[in-house]
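A single chain, nothing else alongside it, follows as structure tokens in the form predicted alone.
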């Protein structure tokens, strides 16, 4: 076949293919340098990342690699040195309001009960909390806290408090959810149950979700794609699509394929000396 004809057929095939949806989050050549007391620390170097709408992306890397910095920059909570960050097609130049964010500490108000802690999110946004009460009650029931709406934070376990924080982040139905090591302070059993509960919520709501963790197995169990970061300065070493069925039940997380993904990420960190046997 003549080269021109082949090229024409390829172009026609490309034109017929459905266009990929526009990225919800676009990060282009992002760099971040901190300067303090005469010291210069390069936290991020040349980070490029696209996150599709409704995608669940997990960022995994060693302590100090810039995972949390990356999340805070994307949320507009931290100015960056160079590069470009866009959410929903708009440049990020300040704090973003069309998102929910969950940190490692749930940061609940001791003088408010569970339901009131959830509704403070809409109060601070100038919305009528009465309009969101039913949604708050439904979300609390979804995470197993339906009978704890009138409890104070001191009456809850660590996992229960973090569930409240997640519901608070979701109460205004944001299109984007960011989570910065939200299960890091929990015991192993509670952490795994929280992972299961979060996946159920995500499957029901389908928000775009970026989740930061140190846990390799946790990353594989949650993600559509795992973003593997290098030690500081943080760069993206590899992005691994996770081809496992959902929900990620016991069969999925004990499968040979799951172990292969864990091994692949572990070997990345071994090459950088983050993990040494």
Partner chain sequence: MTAPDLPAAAPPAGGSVPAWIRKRGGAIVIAIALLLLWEVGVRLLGIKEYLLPPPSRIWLEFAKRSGTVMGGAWVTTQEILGGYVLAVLVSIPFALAVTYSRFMENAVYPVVVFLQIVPKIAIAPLFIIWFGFGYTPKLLIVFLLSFFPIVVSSIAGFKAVDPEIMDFARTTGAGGWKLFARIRLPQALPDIFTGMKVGAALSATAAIVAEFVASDRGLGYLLLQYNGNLDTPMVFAVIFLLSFIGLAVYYTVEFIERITIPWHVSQTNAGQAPL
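Residue numbers count along the first chain shown, from 1. Computed from a predicted model, the values in this text were never measured in an experiment.
Note that the form predicted in complex with its partner chain isn't included here; everything after this is about it.
Taking non-hydrogen atoms only, residue 159 approaches its partner chain to within 4.5 angstroms in the predicted bound form. In the predicted bound form, its partner chain lies farther than 4.5 Å from every heavy atom of residue 116. Taking the partner from the other structure, its partner chain in the predicted bound form has a heavy atom within 4.5 Å of a heavy atom of residue 107.
Heavy atoms of residue 126 reach within 4.5 Å of its partner chain in the predicted bound form, making it an interface residue.
In terms of contact with its partner chain in the predicted bound form, the residue from 112, 84, 133, 206 that brings a heavy atom within 4.5 Å is 112.
The single contact residue among 71, 92, 176, 201, judged by any heavy atom lying within 4.5 Å of its partner chain in the predicted bound form, is 201. Annotated contacts: 96, 103 and 151 all touch its partner chain in the predicted bound form [non-hydrogen atom within 4.5 angstroms].
Annotation for 173-190: the only interface residue with its partner chain in the predicted bound form is 190 [heavy atom within 4.5 Å].
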